[in-house]
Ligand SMILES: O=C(O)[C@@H](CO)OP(=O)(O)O
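Let's start with one chain on its own, the form predicted alone, as structure tokens.
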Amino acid sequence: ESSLILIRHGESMWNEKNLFTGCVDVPLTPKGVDEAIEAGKRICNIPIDVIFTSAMIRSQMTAMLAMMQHRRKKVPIITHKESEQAQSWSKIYSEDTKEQSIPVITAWQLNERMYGELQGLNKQETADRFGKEQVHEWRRSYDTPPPNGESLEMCADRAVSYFKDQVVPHLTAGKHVMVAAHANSLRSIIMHLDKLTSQEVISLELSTGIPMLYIFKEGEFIRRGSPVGPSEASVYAYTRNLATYRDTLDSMVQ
């Protein structure tokens, strides 16, 4: 069996300002940094072999800050495969160093839903201008996109396809995976994992900086934690293998 951790990024500077963010690349607030650190503490006893993030700084910051709290102390390193030169220049030549590193793979397919002409607009002012019902339909319907933007269905097409093609093979190979991404790309993936209907997924809310754990076993995903909850116990429940890993960490730090 292997573990899959999903984390929505911590609060961004546009979350704080109540603006539609979408695919605008905005960093975390100090509160968002704290949320990422707290998320890291909650998953500090769970093995992680590879990390996937979106191409956006808020999800990458969240992943890096979370991993700084992990008791195994491996170093997350962003992989650069955008060109042969980038791949060559970022090569690690020490096998021991590789063993103490975790590859971080960035992918635009995990980006937030593109909100089109709503990006940068204040959510309350937009509701006042277009009406609450229209804005609610843009935000929460499954197949209605905002002007020149993506619907949740369109976001799901790219996010779930990437998850199946790139993430699942690592889990099948026994690797433990963390995905740090966004509300809508993660909602899309959770819809796939939990077999939610298009009506069920529109009511799914994901809090910033709260990790969710799944166990992948015999080709099936089993949810072991909740996207909400104030304590470690409510975020995930240990399997025997995860409990053994935690005991190993305990012995390493003594």
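Being a predicted model, the structure only gives us computed values, none of them experimental. Residue positions are given as counts along the sequence shown, with the first one as 1.
Just so you know, the form predicted together with the named molecule exists too; it's not on screen, but the next bit is about it.
In plain terms, the part of the chain that comes close to the named molecule in the predicted bound form, with a heavy atom within 4.5 Å, is 180-188 out of 73-81, 163-171, 92-100, 180-188. Using a 4.5 angstroms threshold between heavy atoms, residue 129 stays clear of the named molecule in the predicted bound form.
In the predicted bound form, the named molecule lies within 4.5 Å of some heavy atom of residue 15. Although the partner is absent here, residue 158 is not a contact residue: none of its heavy atoms lies within 4.5 angstroms of the named molecule in the predicted bound form. In the predicted bound form, residue 139 approaches the named molecule with a heavy atom inside 4.5 Å.
Looking at 1-23, the residues that come within 4.5 Å of the named molecule in the predicted bound form, counting any heavy atom, are 8, 15, 19, 20, 21, 22.
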